[in-house]
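So this first bit is one chain, no partners, the form predicted alone, shown in structure tokens.
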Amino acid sequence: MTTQSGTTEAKASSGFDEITILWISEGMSCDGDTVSLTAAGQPSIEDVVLGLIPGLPKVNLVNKVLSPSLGGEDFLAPYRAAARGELEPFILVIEGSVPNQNIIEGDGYWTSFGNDPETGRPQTLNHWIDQLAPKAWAVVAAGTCATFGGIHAMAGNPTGCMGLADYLGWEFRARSGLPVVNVPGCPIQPENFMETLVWVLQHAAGSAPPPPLDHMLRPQWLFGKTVHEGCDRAAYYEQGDFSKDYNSPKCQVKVGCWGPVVNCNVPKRGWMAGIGGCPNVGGICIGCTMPSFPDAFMPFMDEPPGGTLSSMVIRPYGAVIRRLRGLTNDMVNHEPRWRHNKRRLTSGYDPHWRA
């Protein structure tokens, strides 16, 4: 969609009828977020692009994995138009962490997206972010690499990788007034991302307020609770009943799960069609949605530092509670005595009836 430059802010008050999504996955990444996106079903990316979601503007999606284009300059055309200010409005989605180009001596680069038409030299991801982010109606970081740096930003990495908000500045605001919208996950949980994207699109259409974000710019309604609070193994923790290996259905804190302190809704939401999700299928939580991932959670599979203390505190309480609940469970596993097949009708609700 092409409009005259400078009309974006004025049109936003009444909402847009059409908007483009420019998705760049040339950050330091594995393209896993795009692959995960294809598994979304509530809604699917196809539903959004085909205009099947009421109230959304017409969406033109440009993504290398999902594009029918043969690539090359044909694929890059909308990006170049946006950089020239000839494509408005658009949402910029970045997948993958942003390397520090400033630490390179000489003419090298960490990652590139297309070549300069005049010189033929590779154009870095940093170049495209610098050109597009200030012109974008909204900027969305897809996955933990793009939000907080992820694996590529761990201690000792040679690239100086960082999240998109680190690169642009946490005070950055897109033309809509929105900060960078962070949707972490390694990779993104499909519905989490689509739900956030749909909210941003509804906001663009003028039919919804800005999405509420927490202090790390994550959607509050998705990342406001911990893994533990939604985990179907949490009751075992309360009872002080812990797994000793990965074949047990019990709480996995002792075998390396960080669920009690990690903000993520995967146990409740599942992974695809409500099925799966790390603890639900026997996997421990390694904190992949968190800003301090992976450094703070390594070595994986080791018991978290607080696991020993919390289990020591909860075990005596849990043992008593398990015993009391066992007694009550035995009691309620018997039918009331007043249920019988005799000639006289009686009821347990009659205060004067005696067996």
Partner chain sequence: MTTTARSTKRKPAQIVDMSWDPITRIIGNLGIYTKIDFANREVVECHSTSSLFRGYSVFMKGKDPRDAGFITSRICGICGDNHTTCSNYAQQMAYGVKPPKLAEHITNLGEAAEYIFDHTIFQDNLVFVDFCEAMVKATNPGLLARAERTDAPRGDVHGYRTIAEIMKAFNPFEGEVYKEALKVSRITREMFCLMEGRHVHPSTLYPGGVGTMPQPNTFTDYLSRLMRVIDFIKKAVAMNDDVFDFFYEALPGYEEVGKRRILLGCWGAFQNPDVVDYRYATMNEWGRAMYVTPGVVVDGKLVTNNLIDINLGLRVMLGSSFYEDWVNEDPFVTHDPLGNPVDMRHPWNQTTVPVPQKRDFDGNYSWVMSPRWYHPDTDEHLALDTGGGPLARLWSTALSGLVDTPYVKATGGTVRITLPKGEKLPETTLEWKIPKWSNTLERDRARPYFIAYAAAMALQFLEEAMGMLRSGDTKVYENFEVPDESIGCGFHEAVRGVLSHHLVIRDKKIANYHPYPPTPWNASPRDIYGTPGPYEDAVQGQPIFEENGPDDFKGVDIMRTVRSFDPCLPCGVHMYVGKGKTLSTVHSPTYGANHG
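Predicted model only: the values in this text are computed from it and were never measured. Residue numbers count along the first chain shown, from 1.
This next part talks about the form predicted in complex with its partner chain, which is not shown.
Proximity to its partner chain in the predicted bound form, taken as a non-hydrogen atom within 4.5 angstroms, holds for one residue of Val198, Cys278, Ile91, Ile129, which is Cys278. Of the residues Leu327, Leu70, Leu52, Val320, just one reaches its partner chain in the predicted bound form with a heavy atom at 4.5 Å or closer; this is Leu70. Per the 4.5 Å heavy atom criterion, its partner chain in the predicted bound form is contacted by stretch 145 to 153, the sole one of 224 to 232, 145 to 153, 208 to 216, 132 to 140. With a 4.5 Å cutoff on heavy atoms, Glu238 does not count as touching its partner chain in the predicted bound form; it lies far away. By the criterion of a heavy atom within 4.5 Å, Ala39 is counted among the residues contacting its partner chain in the predicted bound form. The closest heavy atom approach of Ala83 to its partner chain in the predicted bound form falls outside 4.5 Å. Using a 4.5 angstroms threshold between heavy atoms, Ser176 stays clear of its partner chain in the predicted bound form. Along 110 to 141, residues Trp110, Thr111, Ser112, Phe113, Gly114, Asn115, Pro117, Gly120, Arg121, Pro122 each place a heavy atom within 4.5 Å of its partner chain in the predicted bound form.
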